[in-house]
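Just the one chain here, the form predicted on its own, laid out as structure tokens.
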């Protein structure tokens, strides 16, 4: 996948101005590549139009897999592989299986969610991060707009929209 190279950046000082600006920018038909912020901004997902994450579905499925594996493993071990009578109970007493089943359910759900998150976010140990502006780790919010996606609008028009929306700075950033 070819990475986009040219971006227009709108730098904002306040998160309330940022939220209003995102709505105005999207209202003018500009597609926003990403918004970078030094801290979580409440409501930004709704303003950006992000859909609800499917990560809870993955967690449920991996938890179900953990439950199935734990119960199957314990039932096979205690009933067929190495049957043992413990405390006068049946070989396959279900209440005895609950602690191990719970632990394996939680373990597989957690590892599965982490794996799905890393794959869906395209996070790799060898990936080089794009740094749009060093101030996003300190006190600035940056709206990155890809020029290739918004080719019909032009760099100046996007810059004007950002300035009129309250951006303190508008910069261009290119990646090789």
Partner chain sequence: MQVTSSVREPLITGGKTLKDVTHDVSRQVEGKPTLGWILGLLVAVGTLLLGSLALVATLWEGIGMWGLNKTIGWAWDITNFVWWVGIGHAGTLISAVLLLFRQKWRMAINRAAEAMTIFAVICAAMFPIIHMGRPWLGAYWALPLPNTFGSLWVNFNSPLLWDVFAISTYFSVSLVFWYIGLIPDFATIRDRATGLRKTIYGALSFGWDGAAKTWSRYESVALILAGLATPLVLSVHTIVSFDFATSVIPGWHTTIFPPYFVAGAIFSGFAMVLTLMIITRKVFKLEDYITIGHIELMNIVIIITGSIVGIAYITEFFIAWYSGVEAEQYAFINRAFGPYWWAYWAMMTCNVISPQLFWIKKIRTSIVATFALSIVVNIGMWFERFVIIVTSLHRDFLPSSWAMFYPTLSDIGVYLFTFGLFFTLFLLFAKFFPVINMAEVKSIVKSSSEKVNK
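Positions refer to the first chain, counted from 1. Note that the structure is a prediction, hence the values are computed from the model and not measured. Rigid core: the largest C-alpha set superposing within 1.5 Å between the two forms.
Beyond what is shown, the protein has a form predicted in complex with its partner chain; the following relates to that form.
Between the options 68, 149, 28, 53, the residue in contact with its partner chain in the predicted complex by a heavy atom within 4.5 angstroms is 53.
The shortest heavy atom separation between residue 61 and its partner chain in the predicted complex exceeds 4.5 Å.
Under a 4.5 angstroms non-hydrogen atom cutoff, its partner chain in the predicted complex lacks residue 47 among its neighbouring residues.
For residue 16, a non-hydrogen atom is located within 4.5 Å of its partner chain in the predicted complex, even though that partner is not displayed. Although the partner is absent here, residue 136 sits close enough that one of its heavy atoms falls within 4.5 Å of its partner chain in the predicted complex. Contacts with its partner chain in the predicted complex, taken as any heavy atom within 4.5 Å, map within 79-117 to 81, 82, 84, 86, 89, 93, 96, 97, 99, 100, 102, 103, 104, 106, 107, 109, 110, 111, 113, 114, 117. Residue displacement note: residue 124 has its CA displaced by at least 2 Å between this form and the one not shown (rigid core superposed).
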